[in-house]
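Take a look at this single chain in structure tokens; it is the form predicted alone.
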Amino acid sequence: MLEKALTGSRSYKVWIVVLLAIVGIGFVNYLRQLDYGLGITGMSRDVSWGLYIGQFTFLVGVAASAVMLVLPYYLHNYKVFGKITILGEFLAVASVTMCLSFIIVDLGKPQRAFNVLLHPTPNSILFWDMVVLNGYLFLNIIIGWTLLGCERRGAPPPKWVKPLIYLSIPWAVSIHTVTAFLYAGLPGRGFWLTAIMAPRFLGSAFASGPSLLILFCLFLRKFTKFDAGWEAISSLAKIVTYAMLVSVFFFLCELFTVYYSQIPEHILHFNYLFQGLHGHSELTPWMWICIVLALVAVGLLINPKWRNNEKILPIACLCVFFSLWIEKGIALVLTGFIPSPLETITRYMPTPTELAITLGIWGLGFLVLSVLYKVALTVKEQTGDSASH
């Protein structure tokens, strides 16, 4: 079926060439990083996780969100999601591919990744993060490709795939839970030391991923023959609404705990984030943009008339996506290091090389997603499942 990705309209081919160029630029800059070392990035001894790990953290949530389609469709027989479940599974494949790529570039030397396999340490959260991420990637590749092949042949899915589908549901929750434990398990970092970290991660995941999928569905509805159906899009919008409300509520719980208790090692990080600290306020504009976008998103989504408006819904979804990208992709990681446990402030700013590599990995993710979606949509068009019923 992969050969279907080699054909398409002129716009599709131009899009693929553009993505290949972005990936190429990122790869050239990665070769520079390999030659020079991580000193070419903005990271340092005091801020050892930066933009790479921030993107990894955010994208794990996007990948985990596929469960919000798989669970209703397979466990509750919600047939409305039948046409877009494969899109969610392929979005998970592309997202985990980017996650693993960001880990590789953050390691400095890619061969270090083999140390996790050569010297397994089950008492390490990093070991389990490797297990759940790779396992989730293979599950979605096997499930998605098998079901798509059965759909193309008009044959029922094989019996062995059903247990894998059911396994993927708790596995999706596990990938973001384990990622949250990477942060919450570090006692020296007050900003991350909270028992609500995993619920916060899951709440934001179930908002960011479906919001991106809604945008894809609306785009495909307008520019291709594939129509997910408004009922499916509307149901996804409700999921985004409730998940975003939960995510905002959890964040407000954090603010209350921190500012009411006035514990210094906790409040300093939030002060740095919202108003700056000792003249350093690099993240403050980003955080206030995040807050404004979140409030706008909640305001637009909570009103059913606006949520079900095809022109307003994309705006709301964009606000959700970029708000949570700022929170998880930028603020969460950096604020854990600034200020340090000794209350020193080390400025972090990603370098052009770091930005180019990051953009290249995002390009790789969209390239994988575009190829998989092209195959899926071609199959659905051939089987007559591309139009809304």
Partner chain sequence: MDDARRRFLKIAGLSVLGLGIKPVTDAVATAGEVEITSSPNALKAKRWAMVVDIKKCLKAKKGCKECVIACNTTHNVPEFDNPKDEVKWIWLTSVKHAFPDQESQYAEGYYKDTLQDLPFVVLCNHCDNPPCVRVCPVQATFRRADGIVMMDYHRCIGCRFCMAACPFGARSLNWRDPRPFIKTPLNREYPTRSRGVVEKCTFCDERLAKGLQPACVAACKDKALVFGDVEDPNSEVRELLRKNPSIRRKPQLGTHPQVYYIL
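In this text the structure is predicted, and so the values were computed from the model without any measurement. Positions refer to the first chain, counted from 1.
One more form of this protein, predicted in complex with its partner chain, exists but is not displayed; see below.
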- request: Mind telling me which stretch in 63-71, 319-327, 46-54, 355-363 gets its heavy atoms within 4.5 Å of its partner chain in the predicted bound form?
  value: 46-54
message: With a cut-off of 4.5 Å between heavy atoms, is residue 265 one of the residues that contacts its partner chain in the predicted bound form?
response: yes
- prompt: According to a 4.5 angstroms non-hydrogen atom cut-off, is residue 106 in contact with its partner chain in the predicted bound form?
  reply: yes
task: Examine residue 311 and determine whether its closest non-hydrogen atom to its partner chain in the predicted bound form is within 4.5 angstroms.
output: no
message: I'd like to check something about residue 119: if you look in the predicted bound form, is any of its heavy atoms closer than or equal to 4.5 Å to a heavy atom of its partner chain?
response: yes
Sole residue of 218, 173, 141, 186 within 4.5 Å of its partner chain in the predicted bound form, by heavy atom: 186
- prompt: in the predicted bound form, which residues of 13-37 put a heavy atom within 4.5 Å of its partner chain?
  reply: 34, 35, 36, 37
